[in-house]
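Presented below, as structure tokens, is a lone chain in the form predicted on its own.
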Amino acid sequence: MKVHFFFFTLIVSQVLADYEKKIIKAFTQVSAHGEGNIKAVEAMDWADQLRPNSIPSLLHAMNQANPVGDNWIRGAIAKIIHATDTLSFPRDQVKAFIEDKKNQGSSRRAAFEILHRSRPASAKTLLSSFLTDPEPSLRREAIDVILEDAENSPLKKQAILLFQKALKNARDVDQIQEASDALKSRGQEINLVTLLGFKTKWDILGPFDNTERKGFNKSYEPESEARHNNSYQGKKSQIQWSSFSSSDRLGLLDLNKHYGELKEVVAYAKTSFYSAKHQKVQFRLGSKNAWKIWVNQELLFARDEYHRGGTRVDQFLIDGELQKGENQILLKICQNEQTQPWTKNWEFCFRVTDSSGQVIEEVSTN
């Protein structure tokens, strides 16, 4: 009888392993545009056969899957957890997956959410280890704890130390603002422009014509010139580059302050960024207008959309590179024809960070 049971268990284990492989293959091969969805639907039905010990393998599959595949995998894990008792949840394996920074940040985040739902006490023990985590959403969890502890501290000195700790390690702007405001209320002024690395000094050129929104795709001279001229034909007259800077707390540059509240216009903004080395970075832009960005004359990204929501810090994250030494950054900020009060904004804010949001410091040119 024991021999029969052994072989039965072995067969069941092999069948489940085959299901697991098929499910992972289907989810990791589904495309961002929907190709493979039919097989993914079939695979989701097969997920009813899996057991909790398949959860670690599914989490590892997230490292190869795109965001669409990630969603399918999350759904499969949810089905497994819902269909089994909580005692069989593979807590230690999931914790190990989260702690292994070789795994994708988004995959580790998903694992943390799964652990938090099934074993909240175990998830809580990991929070302090996220303080310098390369995955921003996990780092945010640790900062939230510090901010809460600081706010609840009855001792002013201890609260200040905690807020300073949060400020040093935070990457999300709202948390940085919260810590900064708290320190200010306790007698410590923080310069957020310097802390967050906003570029506030630019040369700007405009206005060019954007009638019927045609200026977005029109290549005006600044887009193709290695060296910029002194004078250009603008929308109604000759125009020149001029210096423009901002004293806004979060580095917002309001083009209306320079040109007035114009409509159907385009302006260019250029600046230099001096890097200590060749490195991969993120260019972080906020603007509710249509825009384009070039770095060292290479077009990195373009967004032809106007006035959806408000301008926010780090609204758009553009991956790129800096060469060692001087780098030329050019922005094109477009204003359309709408006249409602909420469409008057013609503005942007900009900073350069690594992929975690850590500010890239410029080297001195002196």
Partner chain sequence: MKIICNLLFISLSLLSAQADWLSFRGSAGNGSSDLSIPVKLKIKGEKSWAQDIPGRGLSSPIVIGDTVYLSASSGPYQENLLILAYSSTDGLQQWQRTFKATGRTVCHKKTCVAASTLASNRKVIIAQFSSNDIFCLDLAGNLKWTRGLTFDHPNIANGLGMSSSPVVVNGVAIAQVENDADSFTFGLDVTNGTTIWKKQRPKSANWTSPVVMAKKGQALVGLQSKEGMTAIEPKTGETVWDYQEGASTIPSSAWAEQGIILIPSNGITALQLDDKLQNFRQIWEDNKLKPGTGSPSCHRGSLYVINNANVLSCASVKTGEIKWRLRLKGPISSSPLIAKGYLYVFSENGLGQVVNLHAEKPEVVHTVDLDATILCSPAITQNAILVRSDNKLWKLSN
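Numbering follows the first chain given and starts at 1. As the structure is a computational prediction, the values presented were derived from the model and not from experiment.
Another form, the form predicted in complex with the partner chain, is not on view; read the next lines as being about it.
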Among 196-204, 227-235, 169-177, 146-154, the region lying within 4.5 Å of the partner chain in the predicted complex by heavy atom distance: 169-177
Contact residue in the predicted complex, chosen from A276, A78, I160, L127 - any heavy atom within 4.5 Å of the partner chain: A78
All of E113, R117 and F301 within 4.5 Å of the partner chain in the predicted complex, heavy atom check: yes
Interface membership of R308, the partner chain in the predicted complex, 4.5 Å heavy atom rule: yes
Close approach of R51 to the partner chain in the predicted complex, 4.5 Å, heavy atom: no
In the predicted complex, T84 touching the partner chain (heavy atom, 4.5 Å): no
is_contact(D45, the partner chain) in the predicted complex, heavy atom dist at most 4.5 Å: yes
Partner contacts in the predicted complex for 315-354 (non-hydrogen atom within 4.5 angstroms of the partner chain): Q315, F316
